[in-house]
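Listed next as structure tokens is one chain, alone, in the form predicted on its own.
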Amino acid sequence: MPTVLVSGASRGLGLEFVRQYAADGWSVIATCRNPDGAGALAKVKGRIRIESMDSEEEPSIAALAARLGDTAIDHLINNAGISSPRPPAGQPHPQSFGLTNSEDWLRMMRINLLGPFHVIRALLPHVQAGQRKVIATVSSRLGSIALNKEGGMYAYRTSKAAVNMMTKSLAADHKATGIAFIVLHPGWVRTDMGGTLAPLAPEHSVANMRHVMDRVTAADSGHFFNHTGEELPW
């Protein structure tokens, strides 16, 4: 059976990735900061290995890579990420021009950009040993420079634009490996991050993204895809 590793697996899209892959018989390595507190994750049935990993801490990532030994990974999904909570109606967003906080911005960069980079660097040999060789990072259309017509969301937008650029560089640097490095926009999804007004259910978003990952090849490396499959502009 193929193996998938999902970061940020204790809730939201990460938890749904685990549910769907496990239901389809995959071996799932589900990572989160605090496995002891991941009650919903622990209840998922299937071939699931829950591992501790804090994507903000490089030693934690390196320790996971060491524990995995020679385990091959077919799909590596960088899902862990953060944003600011949506404000109540009529209130300014905490990432607006006048309110953006430097410390929050730097933490978002550490988790949304450096986290995926360190995970990929540590686990690249495991993906090279896999059959499918797909590394997908959950990004956002808010990281697209071409699609930015609304402004705002400075910290989140720049962290996602940066992880998009990182992915493009990885694709260029590792052409010979046959790995497909891609970024995915999950849509506006009803999760803790997306909020209750989001139109898309997590199970639909994840099913769509899995379909994209199933069909990509090394020729698609360095591309930015919507969850529905069409390519998005940088």
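Computed from a predicted model, the values in this text were never measured in an experiment. One rule holds for the numbers: they count along the sequence shown, beginning at 1.
Just so it is clear, the following notes concern the form predicted together with a small molecule, a form of the same protein that is not shown.
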property	result
is_contact(residue 160, the small molecule) in the predicted complex, heavy atom dist at most 4.5 Å	yes
The small molecule contact at residue 20 in the predicted complex, heavy atom, 4.5 Å	no
Distance check, residue 55 to the small molecule in the predicted complex, heavy atom within 4.5 Å	yes
is_contact(residue 12, the small molecule) in the predicted complex, heavy atom dist at most 4.5 Å	yes
The small molecule in the predicted complex: contacting segment from 67-75, 97-105, 138-146, 124-132, heavy atom within 4.5 Å	138-146
One residue of 120, 113, 82, 155 in contact with the small molecule, assessed in the predicted complex (non-hydrogen atom, 4.5 angstroms)	82
Contact residue in the predicted complex, chosen from 33, 47, 175, 168 - any heavy atom within 4.5 Å of the small molecule	33
